[in-house]
Structures are given as C-alpha cells and as structure tokens.
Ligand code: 6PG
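Before any questions on binding or motion, here is one chain by itself as structure tokens, the form predicted alone.
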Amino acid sequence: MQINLQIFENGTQTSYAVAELIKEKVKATPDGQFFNIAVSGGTTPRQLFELLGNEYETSIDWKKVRLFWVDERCVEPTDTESNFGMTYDAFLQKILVPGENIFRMRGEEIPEYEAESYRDLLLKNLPARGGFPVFELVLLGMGNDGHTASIFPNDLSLIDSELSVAVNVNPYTQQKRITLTGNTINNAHQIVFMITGESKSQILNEIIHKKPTAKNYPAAHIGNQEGKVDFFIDKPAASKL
C-alpha cells in the first residue's frame, strides 16, 4: 500500500487542503462530464462542507459535481444523526449543487431494500469496473476504533463483500447503517482520509507504519486499484507518528 501522508497545522488547514483538491479536480473535469464524490459524515467533514459553502461558492463549478454518500445511519434525514442531514445543514441548503446531482442514501427506508436500491442507483449513474461502481473521489473519516464508512473491526468481511452496498450494525449502539463496502471504496480513482484529533493518533501510527496490529482496523484495508491512499491529517492526529 502506497500512503501519501500530508500533515497540516489544524482541522481548518486540513479542510482547506481537501477543498483545494476538490476545486482542482472539478476544474480538470471536461465539460459534459461529472465529478462523482462519495462523502462521509462526522465533525471533520462538516468543517469541510461549511468551508466549501462559504468560500468556494463561485470558484467551483458545482454543476459538474455529483454527491453520493459513503454511509448513512438508519434514521430520518432530519434526525441529528443523519449524515445527509449534517451535509444539508452545513452545505447543501445553499443550493450550490443542483438537486438532480444529489444522491442520498435513504436512511428512513427499510435498510435492506435501500441498500439494494442504492446498488442499482450506483450502477445506473456511475461507470463500473469489475462489477463495482467507480467514483472519482471517496472522502473518508476514521473512528477511534479504526472503523471507516460503516465497516467496523468486528466485521471485516464487508471489506471484500460481493455487494457494492450493504447493511451493517454499529456494534456499540446496535444501530443499523447502510454503507459502501470495501470493494466499492477501493474501486475509486482517489481515496482521501480526513482525520483530525489526538484520539486517532495511536491507530494512525499503527496504520501508517504498517504494524501487524493494523490488520484489525478496517481503515488499514483501504487503497485504490493502484494501491494508493491519501491521508490528510492535522498535527494532533500525527502526534504519535
């Protein structure tokens, strides 16, 4: 696995770096084509979305951008735990991205039916390779236990699932979630982890230095078809590197 590690002073600078990456990628997208991003929930992505909505309103051609979700909690979109709801509050309500370019996971539906529906939606709207959809960019976070998307350490089978989208259960809360699987995430052209905070530093140390214990963490199994993955992290997260 080839890891591209970039360390920034704080979460704000980390968000600026990812925003600039998105700006340049969209700019390089030919007219008539879409830049397809799968986004995650959480505190760090919220900071990115607020930045994009406040400072990148005109510098990104949002008509070229299509938003999909990495995972979703099985709640109503207005619930405070909804990943879509967070993205809407922080960014989408500014109506920069056309409505027809927004493809949310419907956490309020029966999870198994919605996972199947989202699988069909991805294959209909995205190119495919090896039977799995291909995103231009997947933005990921990492939990304090090393989980990413809604793939948790207690069920690494979702890394190599034959399904592109699956239902999983948060082992700590027993809440059902809908998630892209490892094969779908790893099919992307580029994968970026945004990780901030000292609480992530020990697991990052194990993953970055490829220690034997890293195999227990879903985040350590992520990398695109070329074996590459980008880590955009702040200094507190890098404190044990």
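Throughout, we count residues from 1 along the sequence that is shown. These numbers come from a predicted model, not from an experiment.
The same protein also has a form predicted together with the named molecule, omitted here; what follows describes it.
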property: 4.5 Å heavy atom contact with the named molecule in the predicted complex for all of Val138, Thr184 and Gln225; result: no
property: is_contact(Thr43, the named molecule) in the predicted complex, heavy atom dist at most 4.5 Å; result: yes
property: Contact label in the predicted complex: Thr148 to the named molecule, heavy atom within 4.5 Å; result: yes
property: Non-hydrogen atom contact Arg73 with the named molecule in the predicted complex at 4.5 angstroms; result: yes
property: In the predicted complex, Met142 touching the named molecule (heavy atom, 4.5 Å); result: yes
property: Location of the named molecule contact in the predicted complex, chosen stretch of 49-57, 29-37, 209-217, 65-73 [non-hydrogen atom, 4.5 Å]; result: 65-73
property: Partner contacts for 196-223, taking the named molecule in the predicted complex and a 4.5 Å heavy atom cut-off; result: Lys200
